[in-house]
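Below, in structure tokens: the form predicted on its own, a single chain.
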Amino acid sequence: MTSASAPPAPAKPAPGRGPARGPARDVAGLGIGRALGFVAPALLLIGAFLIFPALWTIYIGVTNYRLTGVEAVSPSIVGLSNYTKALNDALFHNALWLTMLFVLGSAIIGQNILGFTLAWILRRTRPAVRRTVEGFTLLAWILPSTVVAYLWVAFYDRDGGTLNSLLGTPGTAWLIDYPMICLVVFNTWRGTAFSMMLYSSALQAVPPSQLESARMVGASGWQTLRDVVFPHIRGHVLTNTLLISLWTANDFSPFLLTKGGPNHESETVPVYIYNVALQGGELGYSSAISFLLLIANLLVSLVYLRLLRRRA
């Protein structure tokens, strides 16, 4: 009498390989149709408010489209002449330079340093004090731009402004005599909240034992930051710098304070695009500049992402 044959043993995976993976399964049981139905509203919003405007901007950037006149009705293709004009435009070069100063002064230096300083100081303060400072700092960040701009115009005002009253310098027109310095201080004050919150979260990842060891061996404050703290939060520093740099480079708030004046001395690229499009009526040219700004943002993002990948 023959015995029943034993079931075949499961095949062993090849050395150095994991278990074989089957086709992806629909765990939720929705099916492709229902899954697409759930994401369709989001895709429609992204297409309507992001993809279509971007494609439309690229299109009119190669035309002579204007706000009024014959070109507003029937624009014609001009190729890359708008981009050539921008690369040879002295006012566009001036706007690029002022934008770099604005980003460097108020974001990379101002918001980074002030945000980290507040996060470092508040980590050991009383909860009530910490919540109060964080609340006032967040208030500056969440207030509408028009409200914040009105407050700072009153602060810098030549006649009866708060700053002139504090310094005893009546009659000083800060927004006219020192427009970029005023904008850098304004944006640093307004945008510090994000850096403070990000660094407050990042500092929690620093092991207290290492901080205590650095204190016991007599390390100075700078040595502790350099050798203990920064190695743990370097990735957060890069992420924060990337985000606030992009936000500041595309910020339109300077228009609310100075409108790019006097004599283009505070005209950053977003303000210049607005002035060219709505005051000059050159929508095609302003769209070309907008696309150049988009390319610059992408290049800066790629540099930061490369640095983050090296860190990882």
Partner chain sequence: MRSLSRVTTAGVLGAAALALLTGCLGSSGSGESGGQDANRNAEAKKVELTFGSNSVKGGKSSAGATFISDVLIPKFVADQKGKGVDVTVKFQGDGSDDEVYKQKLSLDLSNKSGPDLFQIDGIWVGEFAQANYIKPLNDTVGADGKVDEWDGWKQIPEAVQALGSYNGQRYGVPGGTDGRVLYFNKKLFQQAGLPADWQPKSWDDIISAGQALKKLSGVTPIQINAGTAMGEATTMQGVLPLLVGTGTTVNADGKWLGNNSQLRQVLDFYHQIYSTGLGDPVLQREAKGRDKSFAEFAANKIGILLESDYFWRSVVEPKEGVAKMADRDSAVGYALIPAAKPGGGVKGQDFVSMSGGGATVINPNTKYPQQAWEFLQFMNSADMVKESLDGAAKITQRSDVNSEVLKSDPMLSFVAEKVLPLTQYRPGLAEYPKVSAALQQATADIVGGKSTDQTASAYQKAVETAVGGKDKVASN
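Numbering follows the first chain given and starts at 1. Small disclaimer: the values here were computed from a predicted structure and weren't measured.
Here the subject shifts to the form predicted in complex with its partner chain, a form of this protein not shown in this document.
J.: Since the partner isn't included here, can you check whether its partner chain sits close to all of R66, V70 and H264 in the model of the complex (heavy atom within 4.5 Å for each)?
T.: Heavy-atom distance to its partner chain in the model of the complex: all three under 4.5 Å.
J.: Going by heavy atoms within 4.5 Å, which of 209 to 217, 184 to 192, 115 to 123, 171 to 179 lines up against its partner chain in the model of the complex?
T.: Partner-contacting stretch among the options: 171 to 179.
J.: Residue-level question: is D89 within 4.5 Å of its partner chain in the model of the complex, judged on heavy atoms?
T.: Although its partner chain is absent here, D89 would stay clear of it in the model of the complex, with no heavy atoms inside 4.5 Å.
J.: So in the model of the complex, is its partner chain close enough to H232 to count as touching (4.5 Å, heavy atoms)?
T.: Because no heavy atom of H232 falls inside 4.5 Å of its partner chain in the model of the complex, the answer is no.
J.: Does at least one non-hydrogen atom of Y274 fall within 4.5 angstroms of its partner chain in the model of the complex?
T.: Judged by the heavy-atom cut-off of 4.5 Å, Y274 is in contact with its partner chain in the model of the complex.
J.: If you check in the model of the complex, is D157 within 4.5 Å of its partner chain, heavy atoms only?
T.: Looking in the model of the complex, residue contacts with its partner chain include D157, since a heavy atom lies within 4.5 Å.
J.: So its partner chain isn't shown here. In the model of the complex, which residue out of L278, A48, V39, L30 has a non-hydrogen atom within 4.5 Å of it?
T.: When its partner chain is considered in the model of the complex, the option within 4.5 Å is L278.
J.: May I ask you to choose, among I77, A140, I109, A205, the residue with a heavy atom within 4.5 Å of its partner chain in the model of the complex?
T.: By the 4.5 Å criterion, the partner-contacting residue is I77.
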